[in-house]
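First, one chain by itself in structure tokens, the form predicted on its own.
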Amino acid sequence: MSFIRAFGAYLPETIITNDQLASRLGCEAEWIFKASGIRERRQARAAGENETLVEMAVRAGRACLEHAGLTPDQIGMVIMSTGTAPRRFPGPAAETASQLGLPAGVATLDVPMASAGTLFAMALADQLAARYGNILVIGVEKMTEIAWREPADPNLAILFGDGAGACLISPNSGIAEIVDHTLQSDGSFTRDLRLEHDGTLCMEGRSVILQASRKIPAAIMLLLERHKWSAADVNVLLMHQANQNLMNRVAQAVGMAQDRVFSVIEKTGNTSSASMLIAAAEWAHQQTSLSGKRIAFAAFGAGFHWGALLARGV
């Protein structure tokens, strides 16, 4: 097994509050909070201009490298997840690696998966680190560009924000050892959560919530039972920040106290595949030591794809 060596994150400076969004969508700010647990989110802008997906990814990647104490020439691979890439090909991973200063020839891999992509990328990095060395995993999204496109659906537009998160997977040492992971998919729900080529975001909310509230707890429990951990043994659950109500429901289903689920959604909104690592970076920043702590990661997203990962602080 490999190690998580560091996390990093980047959030754009522009903050969009519920009051601002409510006036645009014709709804109430308090309704937004009750429906989602969100009070504000970030929008990718820089000095009044649009901030690119790659720029956000580079900022999160640099933060992660600084926390890991590594230089770009010590990275053997980059795996990057996004569901909002600006073009069909090439994906943004190679350009991100170049702007980070990685040497030419370092392999990069794009994982075009919304929400669950960074969990899949972490599991993949765990398997590849022994061959490629330090692997930088980045999740980045510009969801507001999609969700706020007119005519905006209030039920979707209230949820999303922009940002990037990163983690460094190392074969030999780190702050937490990866214990195990499970990855699962079910294509029979493909049409229930999708982003079309014309930029139309479609979501059957009831189906997504129902399936997520069943499948995420099942994936977590599968790993806990496999390693004889109880829910009470887990110090923190770092989830895809989809909706606060869903995260509370998952905690209840697993038998975990809600305060064990670390949440940043109130300040960030749903940043899709970036969200789990943004939360992880903030949680890790608040810790004086991870030694002995048992950590669970979980995510669910379009596909449907979902899974969980366990790690133990060292």
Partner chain sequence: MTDREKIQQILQGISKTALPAQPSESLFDAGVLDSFSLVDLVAGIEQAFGIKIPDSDLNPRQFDSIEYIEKYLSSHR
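Residue numbers count along the first chain shown, from 1. No experiment lies behind these values; they were computed from the predicted model shown.
We do not show the form predicted together with the partner chain, though everything after this point is about it.
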Quick one: does residue 209 come within 4.5 Å of the partner chain in the model of the complex, counting heavy atoms only? yes
Interface membership of residue 62, the partner chain in the model of the complex, 4.5 Å heavy atom rule: no
Is it the case that residue 181, even though its partner is missing from this view, gets within 4.5 Å of the partner chain in the model of the complex, heavy atoms only? no
Please determine whether residue 98 contacts the partner chain in the model of the complex, using a 4.5 Å cut-off between heavy atoms. no
Candidate spot 258, 260 and 296, all three touching the partner chain in the model of the complex (heavy atom, 4.5 Å): no
Name the single residue among 243, 144, 84, 108 that comes within 4.5 Å of the partner chain in the model of the complex, judging by heavy atoms. 243
Could you tell me which one of 199, 90, 205, 103 places a heavy atom within 4.5 Å of the partner chain in the model of the complex? 205
281-289, 244-252, 64-72, 22-30: which one contacts the partner chain in the model of the complex at 4.5 Å, heavy atom to heavy atom? 244-252
Would you mind checking 180-194 for residues with a heavy atom within 4.5 Å of the partner chain in the model of the complex? 189
